[in-house]
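Quick heads-up: it's one chain on its own, the form predicted on its own, in structure tokens.
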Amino acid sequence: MLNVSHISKTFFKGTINEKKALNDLSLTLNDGDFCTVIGGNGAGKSTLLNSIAGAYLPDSGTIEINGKDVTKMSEYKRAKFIGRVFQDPLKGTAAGMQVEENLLLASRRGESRRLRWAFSAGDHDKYKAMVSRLDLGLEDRLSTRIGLLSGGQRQALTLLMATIKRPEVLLLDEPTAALDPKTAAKVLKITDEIVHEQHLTTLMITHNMKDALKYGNRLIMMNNGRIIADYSEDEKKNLTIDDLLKKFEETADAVSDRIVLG
């Protein structure tokens, strides 16, 4: 479903601030794979997701989604195939619009725009049923403007919006980093349920190694723009946090990674 082949990306090339974010990186995800990604600051995790989403164009290499070469496709066109949840809960929703208006926009992602009645018969009940599964008390607040909701509520709604039209690839960039532990656990639980129900091919960045081991059927570790470890589902079952820390200690960034990930 996703094939990233030998991509490289360098920022500020030729200057004193030159940074090689991705270094000849290749990654293949099969249909339905749920892959968690860990690595220290500057490892290239977010650059990888941004390159897949089209926010950054790689300097070299190719990116294919479901057999289609999207390497040079613009971000807004690529959004037709991709669902995305950002680290910042404020980025995934339109604050000035109502809850159900946000869901309506998401449900028509990739469709041509035309003049017609915004809501169809049954939309209200459909969205109410969708939101009720979040167990955040939003099913009776569909007319509330998103900007009045908490960060956790907005992030959970962003997840619904990203998956309301089954994406070919779902990208999760530290989706619970800005949430309190209780809300984060709830959002991850819902994420796991939706990923499995829709059989979504998913790439999730996390700094929480416990979550990286708990969720998904695959785990990759990045450092200096490369994948330095790739664990299958069976291998993950036997891994511990100490195992992952020891693997990080084999890299040049061991000290900073232990601070960030320990």
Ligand SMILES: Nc1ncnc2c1ncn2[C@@H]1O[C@H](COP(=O)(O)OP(=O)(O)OP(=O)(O)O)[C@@H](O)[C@H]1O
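Residue indices: 1-based, along the sequence shown. This structure is a prediction, so every number in the text was calculated from the model and none was measured.
Absent from the display: the form predicted together with the named molecule. The rest refers to it.
Checklist entry - Do residue 21 and the named molecule share at least one heavy atom pair within 4.5 Å in the predicted bound form? => result Although the named molecule is absent here, residue 21 would touch it in the predicted bound form, with heavy atoms inside 4.5 Å.
Checklist entry - So, in the predicted bound form, is residue 43 in contact with the named molecule at a 4.5 angstroms heavy atom limit? => result Taking the distances in the predicted bound form, the answer for residue 43 is yes, it comes within 4.5 Å of the named molecule.
Checklist entry - Taking the shortest heavy atom distance, is residue 47 within 4.5 Å of the named molecule in the predicted bound form? => result Output for residue 47 is yes: heavy atoms within 4.5 Å of the named molecule.
Checklist entry - Does residue 101 make contact with the named molecule in the predicted bound form, using a 4.5 Å heavy atom cut-off? => result Outside the cut-off, so no.
Next on the checklist: Can you work out which of 174, 139, 192, 123 has a heavy atom no more than 4.5 Å from the named molecule in the predicted bound form?
Outcome noted: Among 174, 139, 192, 123, a heavy atom within 4.5 Å of the named molecule in the predicted bound form occurs only for 174.
Checklist entry - When the named molecule is placed as it is in the predicted bound form, which of 233-241, 193-201, 60-68, 33-41 ends up with heavy atoms within 4.5 Å of it? => result Among the listed stretches, the partner-contacting one is 33-41.
Next on the checklist: Using a 4.5 Å cut-off on any heavy atom, which residues of 185-207 would contact the named molecule in the predicted bound form?
Outcome noted: Residue within 4.5 Å: 207 only.
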